[in-house]
Ligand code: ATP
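A single chain, nothing else alongside it, follows as structure tokens in the form predicted alone.
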Amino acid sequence: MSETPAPLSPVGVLGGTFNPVHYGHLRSALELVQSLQLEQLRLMPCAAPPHRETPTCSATHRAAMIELAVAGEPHLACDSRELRRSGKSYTIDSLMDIRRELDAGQSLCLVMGCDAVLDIATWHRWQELLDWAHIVVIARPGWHLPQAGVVAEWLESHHLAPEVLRQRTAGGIVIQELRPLAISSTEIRNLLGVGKSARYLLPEAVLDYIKTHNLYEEEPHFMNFEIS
């Protein structure tokens, strides 16, 4: 009698502008890999965000910086598929594309922050997301998930324990707490825009790339601590 093969480790995908990628992104990504036992977490730069202005820094540059940032870490990777598509970068299209590449029994996890969940009902075909993947919500201090309404009902009806992720390929929502790092891409862009150092906020290789390509030299001179 043959043994039943062990469930495959899930693959995660974390979308965003990554403008630029920094240690807040990278540390959260690695902690997710370890806590959820992911085979890999892919950082997927959004080429043309549907709900915000397209960054002045090109998607090609942003993907190149991710490649530099994750070099040498086998559990993290850059997924640049949205750069190869025209039009707005809709997450549902990327999930369907990735699902076709995975083994039939392998879980796919879409990672998003609490801030994104609050606006999830405005996403293109948002109610189909769970047909293709699980959703892992990063719980950050100061953020609260909705307590009433269609999104609250959606979260409650699909809540899943983390250990069940590998037993189903899609359909559940996991709430995961992570250690926050108060670093933001906006902060980095503004530091660089006024000629100040952003060292130790992001990998040295990424900072060197920014300097080589003269990125973020004329950014607006205001500060906030939104992780983006």
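Residue indices: 1-based, along the sequence shown. This structure is a prediction, so every number in the text was calculated from the model and none was measured.
Below, we turn to the form predicted together with the ligand, even though it does not appear here.
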(request) Assess the spot marked by Val11, Ile98 and Gln127: is the ligand within 4.5 Å of a heavy atom from every one of these residues in the predicted bound form? (result) no
(request) Classify Arg52 as contacting or not contacting the ligand in the predicted bound form by the rule of any non-hydrogen atom within 4.5 angstroms, answering yes or no. (result) yes
(message) With the partner left out here, check for me: in the predicted bound form, does some heavy atom of Leu201 sit within 4.5 Å of the ligand?
(response) no
(request) Tell me, yes or no, whether Cys57 is in contact with the ligand in the predicted bound form, where a contact means a heavy atom of each within 4.5 Å. (result) no
(request) Answer for His75 alone: is it within 4.5 Å of the ligand in the predicted bound form, judged on heavy atom distances? (result) no
(message) I need the one stretch from 76-84, 132-140, 89-97, 146-154 whose residues put non-hydrogen atoms within 4.5 angstroms of the ligand in the predicted bound form.
(response) 132-140
(request) Please pick, from Leu30, Leu181, Val174, Ala170, the one residue with any non-hydrogen atom lying within 4.5 angstroms of the ligand in the predicted bound form. (result) Leu181
(request) Sequence order please: the residues of 80-95 with a heavy atom within 4.5 Å of the ligand in the predicted bound form. (result) none
